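First comes one chain, alone, set out as structure tokens in the form predicted on its own.
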Amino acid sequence: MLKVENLYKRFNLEAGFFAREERYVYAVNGVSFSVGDQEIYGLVGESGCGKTTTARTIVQMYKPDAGSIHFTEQGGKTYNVHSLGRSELAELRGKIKYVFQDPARSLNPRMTILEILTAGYRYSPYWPGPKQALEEAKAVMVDVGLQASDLDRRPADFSGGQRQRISIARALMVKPELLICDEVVSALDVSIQGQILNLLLRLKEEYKLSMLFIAHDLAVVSYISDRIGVMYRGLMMEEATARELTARPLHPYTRHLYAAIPQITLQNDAARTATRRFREVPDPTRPPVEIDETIFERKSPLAKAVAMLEVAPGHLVSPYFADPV
């Protein structure tokens, strides 16, 4: 359904009048992955590794510097996201919906829940009229575990977990095919996290959804995802099924993430070694690997592929920052 190939994105730093040269933050450096129909793909990594930048580039909140993004809807129509016009982009955004990390900031506190659910829906190509939209809003509120009578209330009347359910309900109003969940449980209590994760799994079956699930907690991503991609410094370090990655993490950075999960038992030597290697905070203005800078000038959809080694069927490992495989 979604195919991302060799995606690059960097941001210009305003260095000041006396700066001798331009400086950039290299956020995404040749990322490639795909999300299948009705599959949950987990994208995991530490803060600042480029997960959110990748997701926002997919929905064209940011323009990619190089690489290609293709989305194929369930009806078979394929969108080249890199080169969409205004009308096609509006149509695409009805198929792909984004759920943000902080519902308190993404929900307008002055609007009622009904106004929040229908604000963007009203200007989409799929608007059915106010009467039908009201019935759909009542139904989707029940689907996310809230009451239809809550439509007249405002976000301040709800807890953090309930506001996140409202954010999910807003995304579901237009019947999307791909849901991008960007750190949707990171600010919630552990018990509420479990409720939201189980809600997403149920909605995936009921709405026939595909999902790109982004988080920095590998335990959470392993619970909900079918396949997992591990990111570090804008690069993909490892990709495998959730079962395979949990049983046999190969890249040192993946083992570092597992070692960071709080445990009562003592860590073994391998986990301590992996953790020590990635303890320092990297400088984002320095590319993690050698990058052909001309791709940023050409804005080309064709960019040099970042190599991944297939060490087992469906299990890919990057040679960068790794031991010999």
Ligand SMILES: Nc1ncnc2c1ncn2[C@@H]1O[C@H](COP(=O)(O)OP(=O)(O)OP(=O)(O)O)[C@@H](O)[C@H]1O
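Fair warning: this is a prediction, and the values are worked out from it, not measured in the lab. Numbering starts at 1 and follows the sequence shown.
Although not depicted, the form predicted together with the ligand is the subject of the following passage.
- When contacts are defined as a non-hydrogen atom within 4.5 Å, all of Thr52, Tyr62 and Pro284 contact the ligand in the predicted bound form.
- The single contact residue among Val31, Ala66, Ala27, Leu257, judged by any heavy atom lying within 4.5 Å of the ligand in the predicted bound form, is Ala27.
- Contact annotation: of the candidates Glu244, Asp143, Glu91, Glu183, the single residue with a non-hydrogen atom within 4.5 angstroms of the ligand in the predicted bound form is Glu183.
- Thr294 falls outside the set of residues with a heavy atom inside 4.5 Å of the ligand in the predicted bound form.
- Contact between Glu39 and the ligand in the predicted bound form is not found at the 4.5 Å heavy atom cutoff.
- Look at 31 to 39, 286 to 294, 66 to 74, 52 to 60: in the predicted bound form, residues with non-hydrogen atoms within 4.5 angstroms of the ligand sit in 52 to 60.
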